[in-house]
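Take a look at this single chain in structure tokens; it is the form predicted on its own.
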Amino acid sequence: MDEQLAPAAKRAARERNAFDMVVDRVWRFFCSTRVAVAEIAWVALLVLIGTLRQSSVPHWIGDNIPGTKGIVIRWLDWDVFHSFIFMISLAVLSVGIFIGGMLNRMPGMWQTIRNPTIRTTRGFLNGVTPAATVAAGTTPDGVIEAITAALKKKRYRVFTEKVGDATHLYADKNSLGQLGTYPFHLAMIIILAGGIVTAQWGFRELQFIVPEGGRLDVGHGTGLSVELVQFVDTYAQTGVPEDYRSDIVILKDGEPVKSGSITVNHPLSYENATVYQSSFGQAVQVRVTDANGNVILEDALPMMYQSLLNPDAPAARIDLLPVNASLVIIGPDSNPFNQPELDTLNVRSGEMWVQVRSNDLPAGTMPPAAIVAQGHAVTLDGVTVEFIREKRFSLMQVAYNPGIPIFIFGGIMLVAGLAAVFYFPLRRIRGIIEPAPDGGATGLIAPLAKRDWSGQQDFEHLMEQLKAEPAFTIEPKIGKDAEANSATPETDVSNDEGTA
């Protein structure tokens, strides 16, 4: 029976060893510093590529570096921040921070907090600066009691351990402050998660055009819309716009939720959406009815195109689906002194050139067109177009970032973690006290504060306090031992020095 079970047990052992090996390799991968640097560099490269995509750099590369046109076209077509590879890169970096920066360090750090190594060596203490020698006419136990009392007044934890005749002393303060690195690392993961959420569900509408008095839905399932109540602009004597603003109302499911004015660099935000002022232009308000008098269009149309009949004239176009046609409107020449021979329409101020193009019109047939004055109407191919008034439109940008609450929470945790580390720094003091030949006690005590000026100052204050104790002599460590060990690195046999 045992012989029959042996192959199965060996197979299970092999499978278990293979699983352990895979887990070990994955763990080592995410704990590797080189891998972490590579991950950060890769994400930084993707961010750079995605940011430059919205600048003039790709066009400059395509125009000035031979053979790069195809690459630039692919670059402009690739939405980096919404791509699958970008989200996967952020996810891998987040896992690396969690495993390498948090889980892998937790056992050693917790051991340092709960059970610090007390023993040290004289060689180590001789190599530490600053340090102080202790001499007292009392017993070693009396010296330890005095030092312990002084340290506890400064909120230090004190541990002692007998090693032969000598007593080793270890004291620390703010040991839990080391855990501040965990909110810091967790904040980085949360911020990366916010980046993933933004990449998946965020968007930015660069051409959000709303005519004055009109309303436009943001879309994308947000339920938001923007209404342009009024557009106000001011001009210099040269005719150049000095300033312009849009008075808008943001609506949620048709109900107003926020109103205000936006100007360049002064947007208006509601929850995760932000509306920016970009530019403006001319618009025309029209009412279009069919042959039966039914209104098929009543809106303000932004004139944001240029007419082929006159490149200096603003134009608008819209499909009239109920009558299977399209409406084209061309305004007056905006620069009549620039090649006036191109102005073949001769549209004057307060007028619009209107054309109705039926989709069923035979090829080569000219669609009907006419010039109509403000406040009047014209009927073309059974469609009546009324020119109500001139208006303006506001060109805005709408950015929607659902990761904003995640970024805010991550930022709070980031500041909290940094505050815990920097405002509650770990302070450590080590010492060895042993009997003196004359019956008293002698010893050496030093802080682990090689590059910590405030920690050294805290230690000096402690020594000043001990000088006031009866029968105590405290002097800075000097002499041949200090000089011989001045170049000795600050290392110790203790395990906690490298993990703290």
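The model shown is predicted, which means the values in this text are computed figures rather than measured ones. Residue numbers run from 1 along the displayed sequence.
Not on display, but discussed next: the form predicted in complex with a small molecule.
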item: One stretch from 80 to 88, 274 to 282, 146 to 154, 183 to 191 that, in the predicted complex, holds residues within 4.5 Å of the small molecule by heavy atom; value: 183 to 191
item: Triple contact flag 162, 443 and 462 to the small molecule in the predicted complex, non-hydrogen atom at 4.5 angstroms; value: no
item: 4.5 angstroms heavy atom contact with the small molecule in the predicted complex for residue 26; value: no
item: Exercise: residue 64 in contact with the small molecule in the predicted complex, heavy atom 4.5 Å; value: no
item: Residue contact check: residue 472 to the small molecule in the predicted complex, 4.5 Å heavy atom; value: no
item: Exercise: residue 302 in contact with the small molecule in the predicted complex, heavy atom 4.5 Å; value: no
item: Of 398, 134, 97, 169, the one that lies within 4.5 Å of the small molecule in the predicted complex (heavy atoms); value: 97
item: Heavy atom within 4.5 Å of the small molecule in the predicted complex - residue from 36, 466, 436, 46; value: 36
